[in-house]
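Here we start with a single chain on its own, the form predicted on its own, put down as structure tokens.
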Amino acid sequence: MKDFSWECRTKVRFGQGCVREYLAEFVKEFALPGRNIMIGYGGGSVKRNGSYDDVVSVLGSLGYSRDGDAGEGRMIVEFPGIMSNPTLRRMKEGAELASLMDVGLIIGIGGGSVMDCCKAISVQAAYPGDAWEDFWMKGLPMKHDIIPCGVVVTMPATGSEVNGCAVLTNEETKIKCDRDYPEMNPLFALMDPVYTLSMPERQLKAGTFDIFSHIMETYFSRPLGDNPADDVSEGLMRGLVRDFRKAAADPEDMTARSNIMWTASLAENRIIKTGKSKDFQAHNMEHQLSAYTDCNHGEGLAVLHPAYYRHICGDGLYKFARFAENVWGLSPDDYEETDDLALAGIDALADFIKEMGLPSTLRELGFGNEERALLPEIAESCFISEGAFRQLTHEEILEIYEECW
């Protein structure tokens, strides 16, 4: 294994009713005294699933008011309208509002996009410079004190609730990228699986595949040899396949929903990344597809993964064969060569994607001739993963896009 450092400062409370039970103590622990609280969210789903009302009710019991008549300036500052694939512009608007309204705690209510945007707001609002340029682009050390931030998870997928990663899209430069700082870890995460019952079926499937992608992109990286992180990853992948099928068959299955929600966190709390080089090339390729077209992230990953893995399979043959055997239950005795077993594992992944009703081509993702004409430019804009079994060229990325057409 590679040498590593591991930390996760996020305090997690998981279970039905956890917001009503634990949010007040977290506000008392982390909110800066005498200042207001911002709640960031997307659209109407947080009001349909009860999470918004639960948060506002708890804050009201602590003396925070939405109408500004709380006394001593203790207000709930609302920042709605955080979109999927949150933009740099929207993040900066939130940071300006947080500064103007003297916000001393930010609570993101929603899925990965909301959490990422709120975490980035907490950085920019307390920073005199340009956080995008200094942190997302240059990766400079984060030395300033950021506004405290916590999250209420309503849509499991990204694992953003337990790490310091935040993905933003710069609409002007067409760059979508993430940056992970321990300082950006939410101070607390409240995870009530009941909130996930309001998720549309399409988003349930896309989000769950995003979780699967996070595990695979860590698993399919160096070292090739056996190691504890990969042992854990295999168990997570087997369990996610099981729970994905159960949730798709019965959306009201609370055990499957709870398992998926916690698997998202286990995939991204950095545990399975310990000692690993990490290959997020498929994410890099999808990020640029969605930066240019605003396509669905999880669906884009479902399209790209099998094609990408067929390109690099020979460079990580042992791991792909192990994936076929330990995740999909394929027997080496049924294949003459290791190459055949490894490719059969990728085929099993592709079959599972179709079984779950996810798209497997860019056309099924909604791309037309206009988007196809952009593929050379999109391919050229992609970041190259240094942790991959083999680093792609931009020409090969274009080949993968074309194969996915």
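For clarity, every value in this text was computed on a predicted model and none was experimentally measured. Don't overthink the numbering: it's just position in the shown sequence, from 1.
What comes next is about the form predicted together with a small molecule, which is not displayed.
Contact test in the predicted complex: H283 vs the small molecule, heavy atoms, 4.5 Å:
Although the small molecule is absent here, H283 would touch it in the predicted complex, with heavy atoms inside 4.5 Å.
Check S45 for me: does it contact the small molecule in the predicted complex (non-hydrogen atoms, 4.5 angstroms)?
So S45 counts as contacting the small molecule.
Wondering, does S84 line up within 4.5 Å of the small molecule in the predicted complex on heavy atoms?
S84 belongs to the contact set for the small molecule.
Do N36 and the small molecule come within 4.5 Å of each other in the predicted complex, heavy atoms counted?
No, no contact at 4.5 Å.
Which among 112-120, 244-252, 137-145, 319-327 is in contact with the small molecule in the predicted complex, heavy atoms within 4.5 angstroms?
Heavy atoms within 4.5 Å of the small molecule in the predicted complex occur in 112-120.
Considering non-hydrogen atoms and a 4.5 Å limit, which listed residue (L190, A157, L304, A95) is close to the small molecule in the predicted complex?
None of the other options qualify; the answer is A157.
The single option of A256, C165, I312, M237 touching the small molecule in the predicted complex, heavy atom within 4.5 Å
Selected option: C165.
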